[in-house]
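Heads up, the chain below is alone and in the form predicted on its own; it's given as structure tokens.
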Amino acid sequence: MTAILRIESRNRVRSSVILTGVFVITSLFFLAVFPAMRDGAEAIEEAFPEYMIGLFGFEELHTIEGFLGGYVYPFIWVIFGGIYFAYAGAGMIASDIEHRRMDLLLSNPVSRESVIIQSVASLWVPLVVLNLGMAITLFGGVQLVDETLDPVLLSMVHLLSVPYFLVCAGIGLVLSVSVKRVGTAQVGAIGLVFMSWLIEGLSEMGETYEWLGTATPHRYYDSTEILVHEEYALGDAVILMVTFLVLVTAAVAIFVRRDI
């Protein structure tokens, strides 16, 4: 039975297209100011305090790779993309429970495990739409500012962001099956993802705090490392995927035992 997957996938198309449009417009705005920033990149880097440089990964802002990896992706992709997937994950189960749709759904021959798995699988829609929309926009946009960008590097930035987004969705999913109100789950998921980003930034301030970042998903996805240094942290991607599977397993275990 894949009816849940089909319905949830269809329901995610509109929000995915709208968010992609917002990301595309914002990205083009950032690219429009790149020529001016390119000339003053050194002054900009000196103006920011050290912890801000570590937080956003500013490095070689005078190059298009450094600009995208340290300026565009941290703001648009890592922060707001992660928040969107956390929000989406938090609304998967809690919304149906709060609005009494879950009772009707479970009256059909479908297991609770299947409900979670199919709901999570519907995330393929925003993953595909957002990644394709952003990749095509940025690849074409850099041409407009007389720059070139290696399509392999661009592809890897988006491919390796998938595990990161899934972990953010997994955090929301666990909250979704744990609390009674969807609003509480969504606000909690957004707060956790945002706080983990801040904690990872704090961990970059020195060795004393470095250990803090190991528990955050942001530690394992770095667009600057990919675009500037051409380093693909495949091991980190595996860690994120394992974390995602653990979160989904935990969500299933909680939901199966929950009285709704």
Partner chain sequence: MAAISLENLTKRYGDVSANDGITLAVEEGEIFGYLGPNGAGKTTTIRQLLGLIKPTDGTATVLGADIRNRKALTEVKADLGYLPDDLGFDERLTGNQALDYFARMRGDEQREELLELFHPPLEKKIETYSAGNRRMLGIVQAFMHDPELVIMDEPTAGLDPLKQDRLHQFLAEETASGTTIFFSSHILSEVQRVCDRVGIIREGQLVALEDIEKLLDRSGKHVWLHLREDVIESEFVTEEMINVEITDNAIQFTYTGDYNSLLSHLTSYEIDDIEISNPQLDDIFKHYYSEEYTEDS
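Here the structure is a predicted model, which is why all the values come from computation and not from measurement. Positions refer to the first chain, counted from 1.
The form predicted in complex with its partner chain is left out here; the points below concern that form.
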property	result
Joint contact, His158, His229 and Ile239 to its partner chain in the model of the complex, by non-hydrogen atom at 4.5 Å	no
Distance check, Val110 to its partner chain in the model of the complex, heavy atom within 4.5 Å	yes
Touches its partner chain in the model of the complex: Asp103 (any heavy atom, 4.5 Å)	yes
4.5 Å heavy atom contact, His99 to its partner chain in the model of the complex	yes
Touches its partner chain in the model of the complex: Thr249 (any heavy atom, 4.5 Å)	no
Interface segment, criterion being heavy atoms within 4.5 Å of its partner chain in the model of the complex, picked from 74 to 82, 143 to 151, 112 to 120, 186 to 194	112 to 120
